[in-house]
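Next up is one chain by itself, shown in structure tokens, the form predicted on its own.
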């Protein structure tokens, strides 16, 4: 039941993200004469912000940046993690040492602070922030995949594959990789939730999307000054962040358990 509800929430967010132009065509329309109004006033269900923009439409439009960036971050960091972690866990030696030092170096750095510094130096673009987070998220994926591969490597089916003369790359990606899919999927979805919160935090600080763009983190920042006049300007995007991140985590747990059972059945 929980997994179904999580899937429904994420499906709704995905529909909002994909159909932003159809579902929220007037999200960025401003009415400075109207200004800030409360919920239900002038036909605005959740009121408006200081520029007279409808909070509901602005929140629906913000679903695109809430999904696109976190998914790219999670997939990008997992690709790095699978490649480096698989080679490090199976090959060992110098490859393992280099991958370990890479992970140790990045894990020793304060990720959010480093993202702020890099985004401030290179530029405050949304995709610059995404690229920085891909690198910063990858060390945990490298370590996770490396440990999973090392756990699989001594097993009899891998020893049999070696005796048969199967190429190492085929052993790694054809025989070992399918058995670590549950771990990869669970961590991938966990990273989506973490990336959503991280990107929203950076947008809140002014380092994500440009001013005026539909984004839940940016809405939270803009809504601080409106808590007295229209608190929903900050409450709605905050609730959406929490709901989406929670739904991703719960769906990840369910998928991990499902895939675990299938791996065991094999």
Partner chain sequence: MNRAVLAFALRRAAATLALLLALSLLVFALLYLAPGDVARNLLGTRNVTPEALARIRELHHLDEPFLAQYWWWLSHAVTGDFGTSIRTGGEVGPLLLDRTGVTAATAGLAFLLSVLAGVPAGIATAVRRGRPLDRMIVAASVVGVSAPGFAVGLILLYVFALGLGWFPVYGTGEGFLDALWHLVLPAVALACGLGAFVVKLTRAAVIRELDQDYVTFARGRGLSERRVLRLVLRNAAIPIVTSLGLMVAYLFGGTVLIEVTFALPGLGSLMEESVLFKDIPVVQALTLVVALVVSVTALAVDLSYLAIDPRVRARAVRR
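Just so it is clear, the structure is predicted and the values come from calculations on it, not from any experiment. Numbering follows the first chain given and starts at 1.
The next section is about a form of this same protein that is not shown, the form predicted in complex with its partner chain.
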query: Residue among 117, 95, 166, 181 with a heavy atom within 4.5 Å of its partner chain in the predicted complex; finding: 117
query: Interface segment, criterion being heavy atoms within 4.5 Å of its partner chain in the predicted complex, picked from 73-81, 99-107, 86-94, 157-165; finding: 99-107
query: Close approach of residue 177 to its partner chain in the predicted complex, 4.5 Å, heavy atom; finding: no
query: 4.5 angstroms heavy atom contact with its partner chain in the predicted complex for residue 14; finding: no
query: 4.5 Å heavy atom contact, residue 258 and its partner chain in the predicted complex; finding: no
query: Proximity of residue 68 to its partner chain in the predicted complex, heavy atoms at 4.5 Å; finding: no
query: Residues 136, 147 and 191 all lining its partner chain in the predicted complex, heavy atom within 4.5 Å; finding: no
query: Heavy atom within 4.5 Å of its partner chain in the predicted complex - qualifying residues of 231-260; finding: 231, 234, 235, 238, 239, 241, 242, 245, 246, 249, 250, 253
